[in-house]
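Here we start with a single chain on its own, the form predicted alone, put down as structure tokens.
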């Protein structure tokens, strides 16, 4: 199939492993799905410390289940990407561990305390749901199938994150102040979750033409604002002065001044050059190396192998 035919036929779940797709499509789809898979894995890494730090057994169990879900989502997505025939799952995991693989900006920053956890579990997961809901109509069918399961489970994650947010927001004055401080710290990063503006997006136009994406970065960002600014206000959170967010009363929608966002730092993150992100990648590399003996035992049963250091750092 040539690229012109792909563009003409592009529609929800239109293409699958039985189609001979052009190289441009296969590479674009692989890049997009690999990025998503990497983000699921690295998102689990910043949430994992809260299995121990959560304030109750119920919270520990819920965080533990969520971390397992995110790792599972990553594996589903690597499988969907693998079927494009460009890279194996092993290669994509190696690229993530080596720092070559890219992932979402928010997961390059550590979570410093419990007050910051709902910034990921409610706002970032809410942003992810906003984008993933549109990907149910992506043109690569294996990706859409994976998204069906991911969206189902992410709905529970968001509800858990909102419950944590509600508990803190209705707590003491000190709890509310610390929640507001966490919100002001994370809000600009969350608004950049959807990537660069449409004018600066390198791959967005092609992805839309061949049906891999169904909404642009700017449209997704505005849709998120319209849904989540009211939710933030519901829990007593005040938007920081910058980046400026304007409410257009006549049309009932919010719009961010994108020039107020720190795009220089965003692109540093995108290159995997932010020091905290490099630290996250190093943790991933050590964890992958620590369980190498498991993969060896599965691939070569009966030969055994050395057991290295624990992988829980």
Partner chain sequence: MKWEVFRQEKTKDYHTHVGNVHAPNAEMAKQYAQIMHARRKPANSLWVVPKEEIEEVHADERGVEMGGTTQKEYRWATNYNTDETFAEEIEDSQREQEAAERDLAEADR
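Numbering follows the first chain given and starts at 1. This structure is a prediction, so every number in the text was calculated from the model and none was measured.
Although not depicted, the form predicted in complex with the partner chain is the subject of the following passage.
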| property | result |
| --- | --- |
| 4.5 Å heavy atom contact, residue 166 and the partner chain in the model of the complex | yes |
| Residue 155 within 4.5 Å of the partner chain in the model of the complex, heavy atoms | yes |
| The partner chain contact in the model of the complex: residue 69, any heavy atom under 4.5 Å | yes |
| Heavy atom of residue 295 within 4.5 Å of the partner chain in the model of the complex | no |
| 178, 79, 203, 136 - the one with a heavy atom within 4.5 Å of the partner chain in the model of the complex | 136 |
| Residue (of 151, 239, 86, 208) lying close to the partner chain in the model of the complex, criterion heavy atoms within 4.5 Å | 151 |
| Interface stretch in the model of the complex with the partner chain - options 137 to 145, 239 to 247, 104 to 112, 180 to 188, non-hydrogen atom within 4.5 Å | 137 to 145 |
| Within 1 to 40, the residues that have a heavy atom no more than 4.5 Å from the partner chain in the model of the complex | 12, 13, 14 |
